[in-house]
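Single chain ahead, written as structure tokens, the form predicted alone.
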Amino acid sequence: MSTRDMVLIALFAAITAAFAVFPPVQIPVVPAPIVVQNIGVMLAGAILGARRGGLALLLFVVLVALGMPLLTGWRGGFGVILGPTGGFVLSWIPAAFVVGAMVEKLWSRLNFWNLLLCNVVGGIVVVYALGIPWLAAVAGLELGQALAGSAVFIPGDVVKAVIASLAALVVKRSYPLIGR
């Protein structure tokens, strides 16, 4: 791994952390808040690719587990990872990897719609597929309850996927990092 790769990985871990400045919006019915931070997951995968994007989120999650207050609401620590929303945080590692793998596969014909597909599959489907069962298990909910409660987040997550796709497309056109 080159120094450049390490810097990019650290940069996107920091970018994901920087999204913590947006305050969480708590919905009374669901224990998980609405956060902007998962846009960093989509950006890491879409801009850095699978390996570097996944490593950026691995670094981020390790720092959170070690107690750094990098999550929205300035939370951090192993207790947060083991809590109801911990599955969503842990899912960010494979989510960034999946977004990146899809972007790499579609690189030669990458456009907004392909990027949006990558961000929806990796940044929403993967996150929900791992986070919802964790939420159900830890919060003592039926899987259907956790799924229904999480459905309220889908419109906002689609908006985040659109924003991440537009940003990644600009980076691809101006300073492509994948393939380097």
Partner chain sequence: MLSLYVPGHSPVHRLPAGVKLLVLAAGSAALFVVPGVAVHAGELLAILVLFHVAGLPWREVLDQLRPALILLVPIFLFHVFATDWVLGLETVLRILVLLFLAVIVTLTTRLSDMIEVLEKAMRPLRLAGINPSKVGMMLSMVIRLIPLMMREAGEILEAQRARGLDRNAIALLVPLLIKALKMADDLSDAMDARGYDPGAVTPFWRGKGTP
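Predicted model only: the values in this text are computed from it and were never measured. Residue numbers count along the first chain shown, from 1.
The form predicted together with the partner chain is left out here; the points below concern that form.
A.B. asks: Does Val158 reach the partner chain in the predicted bound form if we count a contact as any heavy atom within 4.5 Å?
C.D. replies: Contact with the partner chain, no.
A.B. asks: At 4.5 Å between heavy atoms, is Trp107 in contact with the partner chain in the predicted bound form?
C.D. replies: Result no; Trp107 lies far from the partner chain in the predicted bound form.
A.B. asks: Classify Leu90 as contacting or not contacting the partner chain in the predicted bound form by the rule of any non-hydrogen atom within 4.5 angstroms, answering yes or no.
C.D. replies: Result no; Leu90 lies far from the partner chain in the predicted bound form.
A.B. asks: If you check in the predicted bound form, is Leu115 within 4.5 Å of the partner chain, heavy atoms only?
C.D. replies: Leu115 lies outside the contact set for the partner chain.
A.B. asks: For a quick test of understanding: in the predicted bound form, does each of Asn111, Gly149 and Val152 have a heavy atom within 4.5 Å of the partner chain?
C.D. replies: So, no: the whole triplet misses the partner chain.
A.B. asks: Note which of Leu43, Leu57, Leu135, Val127 lies within 4.5 Å of the partner chain in the predicted bound form, where distance is taken over heavy atoms; exactly one does.
C.D. replies: Among Leu43, Leu57, Leu135, Val127, a heavy atom within 4.5 Å of the partner chain in the predicted bound form occurs only for Leu43.
A.B. asks: Across 3-18, which residues bring a heavy atom to within 4.5 Å of the partner chain in the predicted bound form?
C.D. replies: Those in contact are Thr3, Arg4, Met6, Val7, Leu8, Ile9, Ala10, Leu11, Phe12, Ala13, Ala14, Ile15, Ala17, Ala18.
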